[in-house]
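Starting off, we have a lone chain in the form predicted on its own, written out as C-alpha cells.
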C-alpha cells in the first residue's frame, strides 16, 4: 500500500506538469479552434530564456524573477506569432494549419539550438528541496508547490474567462467568431490575446518541468507535449477543467503502469497513446468536452 501511495504522489507531480501544458493547448483551441503542435517548443524557447536570465554572469536573476520576465517575453512572442504566422492562414484548411504549426515546431527548436547551443543546461527549481513523510509516504515541496501553481493558474483563468469583459470576448469569439464580429468584438485582437496568454502559460510550465528532468536540452519538451496532448484529449480540448483532470489522470496512469506493468518500463509513451486512442474511439469530445449539435 505504501508503494502504491508513493507512486500515486509521483504521478500527481507529473500530472500537474502535464496539466499545465495541456491548459495552454486548450486555451488556444478554445479561442481559435486550432491545435498548436508547436506549443512544447514555444515553452522550450521560453525556458531557455529563463535559464539565460538565471545563468548570465551579469544579470544572475533569481529563478522566480526570471520566470516572470520570460512569461512577459513569451506573452509578446505569442501575440507576434499569431499576428505574423497564424493570421495569414487562419481561414485555410485544417491540414494547412497543421503543417504550419509543425513547421513552427521545427523552426523554433532549430532557432533555440542556434542561439543557446546544443549542450545540456541546468535550471534550478523555484521550490526548495524539502520533503516530509506523511503516513509513510514522502511528499516533496516540489510536488506541493506544483499543485499550488496549477491551482493558481486555474483560479486566474477562471476569473479572466468568467468575470471580465475580456474573458467574455474570448468566449464569444471561441463560440461564434462571425456573430462576435457583428456585435463589435475585435475578433483578431481576441485571437491574438489567446495565443499570447497560452504562450505565457507554456513558459511557466516549461520552467516548472525542466528542474524535474536531467537537464534543459532541445528535446526536453517533446515527450511532455505528447503527455499534454493526451491530457487535453482525455479531458476535452475545449475544457480547462478537463485539461487539469486529464493531466492528473495521465500522470497517475503513467506512474502506476511503469511500477506495476514491467513491459512498459522502457516504453512508457505507450500510456498516452493508448489514452488518446481510447478517447477518440469511445468519447471523441473527452470527459468534459461539449457535444456540438447541428441542424441539418
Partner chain sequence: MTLLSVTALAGGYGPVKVLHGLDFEVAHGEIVVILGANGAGKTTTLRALSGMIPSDGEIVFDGEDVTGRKPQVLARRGVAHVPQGRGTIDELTVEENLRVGAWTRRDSDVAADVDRWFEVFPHLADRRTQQAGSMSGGEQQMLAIARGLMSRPRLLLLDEPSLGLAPIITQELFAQLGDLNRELDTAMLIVEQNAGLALRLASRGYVLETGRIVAQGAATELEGNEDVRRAYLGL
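As the structure is a prediction and not an experimental result, all values here were calculated from the model. Positions refer to the first chain, counted from 1.
One more form of this protein should be noted, the form predicted in complex with its partner chain, which is absent from this view; the next part is about it.
This chain is displayed without its partner chain, yet in the model of the complex the stretch 185-193 from 185-193, 200-208, 127-135, 151-159 comes within 4.5 Å of it by heavy atoms. Taking a 4.5 Å heavy atom cutoff to its partner chain in the model of the complex, the contact residue among 122, 140, 179, 213 is 179. For residue 77, no non-hydrogen atom is located within 4.5 Å of its partner chain in the model of the complex, even though that partner is not displayed. Contact check for residue 145: every heavy atom lies farther than 4.5 Å from its partner chain in the model of the complex. Proximity of residue 172 to its partner chain in the model of the complex falls within the 4.5 Å heavy atom cutoff. Its partner chain in the model of the complex is approached by residue 168, whose closest heavy atom lies within 4.5 angstroms of it. The partner is not shown here, and in the model of the complex the stretch 92-122 never reaches within 4.5 angstroms of its partner chain through any heavy atom.
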